[in-house]
Structure formats: C-alpha cells, structure tokens
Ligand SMILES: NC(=O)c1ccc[n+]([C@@H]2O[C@H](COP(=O)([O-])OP(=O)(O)OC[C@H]3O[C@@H](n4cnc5c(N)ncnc54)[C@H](O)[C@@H]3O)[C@@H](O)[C@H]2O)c1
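Just the one chain here, the form predicted alone, laid out as structure tokens.
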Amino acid sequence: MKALWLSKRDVESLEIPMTEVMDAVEEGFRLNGLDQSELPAKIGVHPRKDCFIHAMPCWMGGEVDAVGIKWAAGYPPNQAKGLPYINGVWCMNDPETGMIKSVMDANWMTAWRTGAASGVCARHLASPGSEVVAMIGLGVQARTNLAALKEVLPGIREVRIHDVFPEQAKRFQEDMAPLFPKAPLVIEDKAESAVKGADVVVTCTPIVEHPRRFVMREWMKEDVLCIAVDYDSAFREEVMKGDAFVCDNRNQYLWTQEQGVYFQDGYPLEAEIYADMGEICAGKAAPVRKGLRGAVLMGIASHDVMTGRLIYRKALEKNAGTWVEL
C-alpha cells in the first residue's frame, strides 16, 4: 500500500490562496453546525511547562466524507531557540476502509487554517466598514490572520501592530507591508495604543497556563470585534463578556474549561455563549456586527480535515509530493 507524503515545501508549492482555505474552513463550520461531523475535543500531553502536544481527530460527513488526525505541538520556549512555536503532521485516512491515504506537514496547514478561521469569523461578526485592525503578538499566526482579514475587510486603512520583541515587530512590518500598499502598518510600543480605536483586535500571543491577560476592556471603543487565537492568554475576561461571546466550537470550549486550566476566572460559562461558529455558519444563529463582540478561536480539527482535503486534491492535480510504501 502506498500513501502520498507531502513536505512543507510540497504544500507551499501548491500556492493555495487564502480565499480557498477560508471557504473550506467555513464549509467545515457549517457541517459542524448541522451535526454532520464527529469532532471530539482535542486531548494532549504536556511534557514541559506551558508546552503541549495535541491529538486532533475528526470526521467530516455530508458530501465531504473525509477523515484525519493531526499531531501538533506548541512550545513557547522555541521562539527563543529560533524554532517554530507550532509544528506537527497530519494523517488522512480513507473513510471507507480506514487505510492511510496521505501524511503531510501540518505547519502550513495550521497557520493558514487558523488565519482562515479568523477571516470567517470576521465575515460574520466584523462591521463591513471596519478600517482599523490591531494585531497583538506577531508570529506566524498573526501573518495568516492578517492576510485573511484583508480578504474580508477591503476598507482597512491602518494596521497597528505590537509585540514584546521589537525585532519581531520590524520583521512583521517589512514582510506584511506589501499586502497593504494603501494602509500603513504602524508599530506600537504598547498594546494599549495598538488597540485604542481599533475596529478589530486579534491576539496571537503564546498560550500559557498562567496568562497575564493584559488587554483591557477600557482601552477599546464600544463597537469592536476581539478575536483571541491564543485561548485566554491576552484578553481580560470582561472583554469576552460583552454583548456577544462566540467560540469556534461549543463542546470543545466547555470541555477545555472543565479541565480547570483555561478559560477560568471569569471567562464566559455555558449560559453566556451566544453561539459557536458552526451555528452561525449553518444559519442557526444570526451574525452580530455591533457592540463588544468577543470570539475565542481555539483551533478545531474540522479545519485540518477541510484544509488537508484541499491540499491533497491540489497535490493530485499538480503531481506534487512523494508516494511512499507503508
């Protein structure tokens, strides 16, 4: 039996546009909302302080009928070592036989599907006239998040960026500026000045067990969408308890909260969840575009299945990757 191995270079060579990843992620959200998927909460081990390795299986039903599992690690100390914060692999199985069809790099997948999820969130929760975006934490995730926001918010006129490492902010500014020829990327020394007056605020800081939660509600205006890509590491709890709180998946959020590590000390409880993104994309809950909207996007395995399926199809079309004996 053979399976298709796709390295990071193979995946990048496919040049899949963000819009296609966003559409795939949104379709996954919709199937989740229609209960046409099997999406258990991610389980994991923690070999070092603030570090995790998660197993993320998922089956997407309906017309998609695709299944796979990601083994992904998140190590905040890697940044100081010049290594990626997130890395992993994704395995695709044949849902009919269970046989392995493909094993691929999950670094590109994780970065792009995470950004795509924020883009889909903004499609439904951001004001269409949003002009100012703030990005806090400027690693790989921030790059794909900003690329996705560009696709859904054409009126962006300014991007404010902040990171505790000044050199990282400068690299981000240099690398991302070409995407915004008419919207300057402004480096802010403080998170407060970055988020003040912003229409959309996205935090992509490292996920840690004992968060600082340094982004304050009083810094922001009344109408703002706040997207946390970093669990509860950056936004104060009152930010998430505004006019509407949304998570990417209700079951995973509540399961994670029940473990007693994340989303403690005032973060929304079950009764305070307006909807999850599956319910919104399936039309079961209406979009909310005014007031303080908080969104926790933990990253769910349906994103990986939908993005991995897209990558696999593109690879077959372009004859990319290497077939290996198992």
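The first residue of the sequence shown is number 1, and the count goes up from there. What you see is a predicted model; the values in this text were computed from it and never measured.
FYI, the form predicted in complex with the ligand isn't displayed, but the following is about it.
The single option of Gln79, Asn251, Ser193, Gln173 touching the ligand in the predicted complex, heavy atom within 4.5 Å: Spelling it out, the residue with a heavy atom inside the cut-off is Gln79.
Interface residue in the predicted complex among Cys91, Ala147, Ile156, Ile86, criterion: non-hydrogen atom within 4.5 angstroms of the ligand: Selected option: Ile86.
4.5 Å heavy atom contact, Met298 to the ligand in the predicted complex: Close contact exists here: in the predicted complex, Met298 approaches the ligand to within 4.5 Å, heavy atoms only.
Heavy atom of Phe165 within 4.5 Å of the ligand in the predicted complex: Although the ligand is absent here, Phe165 would touch it in the predicted complex, with heavy atoms inside 4.5 Å.
4.5 Å heavy atom contact, Phe214 and the ligand in the predicted complex: Residue-level check for Phe214: yes, a contact with the ligand.
Exercise: Ala134 in contact with the ligand in the predicted complex, heavy atom 4.5 Å: Flag for Ala134 set to no.
In the predicted complex, segment of 204-212, 236-244, 125-133, 173-181 with a heavy atom within 4.5 Å of the ligand: Of the options, only 204-212 has residues within 4.5 Å of the partner.
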